[in-house]
Ligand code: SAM
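There is one chain below, alone, in structure tokens, taken in the form predicted on its own.
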Amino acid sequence: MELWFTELQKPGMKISCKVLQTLHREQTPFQEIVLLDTVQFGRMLVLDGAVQVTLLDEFVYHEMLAHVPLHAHPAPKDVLIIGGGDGGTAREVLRHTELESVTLVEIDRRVVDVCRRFLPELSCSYDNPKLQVHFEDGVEYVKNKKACYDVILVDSPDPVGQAARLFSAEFYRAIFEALRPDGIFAAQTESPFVDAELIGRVYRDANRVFPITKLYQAVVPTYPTALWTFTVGSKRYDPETCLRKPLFEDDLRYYNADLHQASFKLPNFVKKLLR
């Protein structure tokens, strides 16, 4: 008998993967956590029926969320990650040895526990002494911070339920206040093929708060339509400019200095979403 997992990505669109084994499944106070081993994508983290990361392509998402804003800042010292309990974004952030501290705020402790057990390739930085982990609501955490961080990364799930607050104008204003005078923030902002309205709204909301707001893109096969966007807001520096050459570029699988700038070159239909 063949076992398949099917994700309802959008109304009228599904993706199915052949499953070798269900490694873990539990219901927490926040969500259902499932860890699958699939034929095509390897191990896969699924939250409330939605694919979060897979071993096949997680490096694309995590490298682009982390390294674009970090290389657009000349001297980052303190970084905040909202979400990202799988550990992949923290892994990439901590490649920047000049950082003094990295704070990760994840609402569900069990996501971290499960990923540490089944996805050590992503969660390998949890024992790094520079990383501090807080298990609480990221929106509320940011509201209580003023001028504390150089870079803030929002590694959020899809804007469904409570996670919709991570895509709000109020949240971006709180991020602005939590950043230092030359701070930068970046967030994943879904697919332009199926989330056009969301991307336009997020861009306009961020643009009302930050002096410089831009969109960049990457290809992540397991996410809806594979074309994925990130919105970045900056108080001072043009995020399209790579200010520091990656000292660890040979260790990366997707990001490099040339791609940094190229990722901001948008197709016309995406540019129209930002007008």
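Sequential numbering from 1, following the sequence displayed. The model shown is predicted, which means the values in this text are computed figures rather than measured ones.
Form predicted in complex with the ligand: not shown, discussed below.
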Is it the case that residue 138, even though its partner is missing from this view, gets within 4.5 Å of the ligand in the model of the complex, heavy atoms only? yes
Close approach of residue 188 to the ligand in the model of the complex, 4.5 Å, heavy atom: yes
Are any of the heavy atoms in residue 86 no more than 4.5 Å from a heavy atom of the ligand in the model of the complex?
yes
Residue 163: heavy atom within 4.5 Å of the ligand in the model of the complex?
yes
Testing 66-74, 40-48, 204-212, 236-244 against the ligand in the model of the complex with a 4.5 Å heavy atom criterion leaves exactly one stretch, namely 40-48
Looking in the model of the complex, is the ligand within 4.5 Å of a heavy atom from each of 82, 106 and 223?
-> yes
